[in-house]
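Shown below, as structure tokens, is a lone chain in the form predicted on its own; questions about how it binds or moves come after it.
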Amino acid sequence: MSIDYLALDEELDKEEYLICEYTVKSDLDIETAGKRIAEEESTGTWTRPTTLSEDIFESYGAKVTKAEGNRTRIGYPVIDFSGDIGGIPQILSIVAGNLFGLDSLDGVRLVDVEIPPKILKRYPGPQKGLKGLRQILDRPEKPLVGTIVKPKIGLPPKEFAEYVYEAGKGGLTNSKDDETLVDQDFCPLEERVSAVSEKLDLLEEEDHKMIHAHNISTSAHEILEAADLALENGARQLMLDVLTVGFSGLQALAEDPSIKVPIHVHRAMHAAITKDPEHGISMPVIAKLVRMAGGDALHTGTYGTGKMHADISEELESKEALLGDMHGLKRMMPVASGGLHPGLIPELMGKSGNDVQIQAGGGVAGHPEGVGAGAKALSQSVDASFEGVPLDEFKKDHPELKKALEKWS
């Protein structure tokens, strides 16, 4: 029997294969390294099993379709992912499973994945997405402008809600819990949602539309219960830490017909997986899986302008993973967050474009005149950048922006 894990890219029917691209660091030549990955993640093992027939291999074996430099492309047959049970956990077990531990490979990084319609059709995709968020907030062209309530933890519900109200009065369209806040005793979820909802109602009466994303990240068997609790108390948006909860938790929310509000997806813990350029999984891959599973907005980075480590090319690819064609799935809203302040907005928007939700925590709460002034300064910076007016010119008639620029050069 001839077992050959090699096949030309053009020979594969792209409708019948999920195709992954990996970079590899190894003493092996790239073709052999690719074959080791294909074997490990499909029909092979460290030796030739007597139970592996040619029929099994031809039907289920992965194929190395390209091997050049330090990159290899591997196609996995769609049938390897079939069945009603499995989902994204099973997909990841195949395309990002044991291969990272292979002793013959010093580093492996999953840099891209092409998912065919036969697999995508099993997943909900965004229910609101970018367009839906713009409609909810009646903001058809400008970036969404938001804040994260600071400090991350410690504020009781009443003070927390007042922060949201002041931010809305300052012109922000969005606010959110931080990733570390869920249902702690000092700020219980039920009380927090109720208090924030009252303030959002007040803002609406004052003719300003705003939504707040409430973090319901919890155990898988409790996620729908937490969502129900938030919705019963007036939540207009839910938030999930997708990598700590799991993609299946996100999918459960997106597929539940009772959940009609958008889902904001935080990527807490992602750098443990994405930061090493020679090992792990790239953020664009995570972005595609979040879009499949039903997220409406996802943190993708600040394109080198904020406090977090950034590979700008990868962040642009993540943006494209949310906004580009994906066999009919709705587009998602990219979220830029992490160390932003008004002075960074022109550079950020030059890279992100207008389809972005700009989110600043300290860059709002740290304003010398407080949250309301910080919100105004951030909104003014976005307005100036949208209109193409330099901040040094715009600040002359906007004292909040002027003070923010004096504090954060």
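As the structure is a prediction and not an experimental result, all values here were calculated from the model. Residue numbers here begin at 1 and follow the sequence given.
Here the subject shifts to the form predicted together with a small molecule, a form of this protein not shown in this document.
- Shown alone, this chain has one stretch from 260-268, 287-295, 321-329, 186-194 that lies within 4.5 Å of the small molecule in the model of the complex by heavy atoms: 260-268.
- Proximity to the small molecule in the model of the complex, taken as a non-hydrogen atom within 4.5 angstroms, holds for one residue of A62, A360, A377, I345, which is A360.
- A heavy atom within 4.5 Å of the small molecule in the model of the complex is found for exactly one of A230, V95, I148, A161: I148.
- Taking non-hydrogen atoms only, K131 never approaches the small molecule to within 4.5 angstroms in the model of the complex.
- The shortest heavy atom separation between H212 and the small molecule in the model of the complex exceeds 4.5 Å.
- A220 falls outside the set of residues with a heavy atom inside 4.5 Å of the small molecule in the model of the complex.
- R139 falls outside the set of residues with a heavy atom inside 4.5 Å of the small molecule in the model of the complex.
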